[in-house]
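One chain follows as structure tokens, the form predicted alone.
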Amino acid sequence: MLSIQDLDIKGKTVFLRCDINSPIDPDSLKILDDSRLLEVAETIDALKDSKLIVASHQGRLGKSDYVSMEQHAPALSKLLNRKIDFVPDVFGPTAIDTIKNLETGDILLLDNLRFTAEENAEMLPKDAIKSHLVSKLAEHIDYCVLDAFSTSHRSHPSIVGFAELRPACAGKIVEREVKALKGIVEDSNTKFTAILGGAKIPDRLKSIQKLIEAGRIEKALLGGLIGNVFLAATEKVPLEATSIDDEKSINTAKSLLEKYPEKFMLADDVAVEVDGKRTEKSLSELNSSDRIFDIGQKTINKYSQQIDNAENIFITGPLGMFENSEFRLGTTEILTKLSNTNARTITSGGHLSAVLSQLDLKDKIYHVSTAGGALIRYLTGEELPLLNALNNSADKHTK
């Protein structure tokens, strides 16, 4: 695939599809963490001699983080120390007129791409080029830069459409991810101790299954809400304590435990809230009024022993409700342990990246990625639509 250096961008109009989808406070609706904004800054800086259009999605339809990109513009401006204009439009007349009037060095941030219905659907490239989003914007751009690695597993119009119509290259994030992981992906003998947390239950269950079926997992250590699903599947804890009411997910976890019992390591003890404070209990001590918010110290110690014996470690998602200081222990202890191991370590997702920054441990991890599901799929060897789009564009425009 091509890189920014391969394109003559000076004075040209460039469409940058990045992923600055950020955690949003559900009450204030303000950005909680700027890791992804900071990450894309290098790519934006490399495109400083162009007329730059920056585009991203934010949140999912129906969720509290499904908000406008308006606050992302000043946040990016502050990080880059450059003016970034925002337009409350995606491909309508306001957006098109603003794009036509861009001058070299200008940066324009479009509104949330998912405000357009098309961007919430996956489609083949041949259909994506017919979408209003791609067809209306493409005629006003010269080049496309794809840097949304964390969304590279989605075949959305902005990911696969523009590269069909205009020369496309990888941004700095995509280049870095591929460089760090390509060798691992191509070596089918590489197996991981996978530490799996987070709250995206259906996605995580699919990922676990894919990783196991691809022969990538030696052991799966579970925490977070996905860990609670598996605890619910064992029927050893009150269902209410897990805060899981998704019977389909519980049945999927139960099936995985039955099919691959040797692959999973679950919590022996957990942390619950009593009078606003962290209290640790063994599974047998839990009652229906308890709510599991973190793994306990015995589980941390058990997982740490497994880490000591691992050659390759992959972690995605927090192991507890890390937003609450009472329930950060599992996540911070395990990340600290990873920073001191001799194993090759990969962390996945914006939340873990933020915690590593707070702990000042990023430089002690082999590879820190803000991508979640996309990274997992890449490790299984699955083809990613964004990378396919870049490779196809390179073939088309270098002949």
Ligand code: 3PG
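The first residue of the shown sequence is 1; numbering continues from there. Source: prediction; values computed, not measured.
From this point on, the text means the form predicted together with this ligand, which you will not see here.
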Handout entry: Complete contact of K298, E333 and T341 with this ligand in the model of the complex (any heavy atom, 4.5 Å)
Key = no
Problem - this ligand in the model of the complex: contacting segment from 304 to 312, 250 to 258, 70 to 78, 200 to 208, heavy atom within 4.5 Å - result: 200 to 208
Problem - this ligand contact at S150 in the model of the complex, heavy atom, 4.5 Å - result: yes
Exercise for the section: May I ask you to check whether K51 falls inside a 4.5 Å heavy atom distance of this ligand in the model of the complex? Expected result: no
Handout entry: Close approach of N21 to this ligand in the model of the complex, 4.5 Å, heavy atom
Key = yes
Practice task
Tell me, yes or no, whether R114 is in contact with this ligand in the model of the complex, where a contact means a heavy atom of each within 4.5 Å.
Solution key: yes
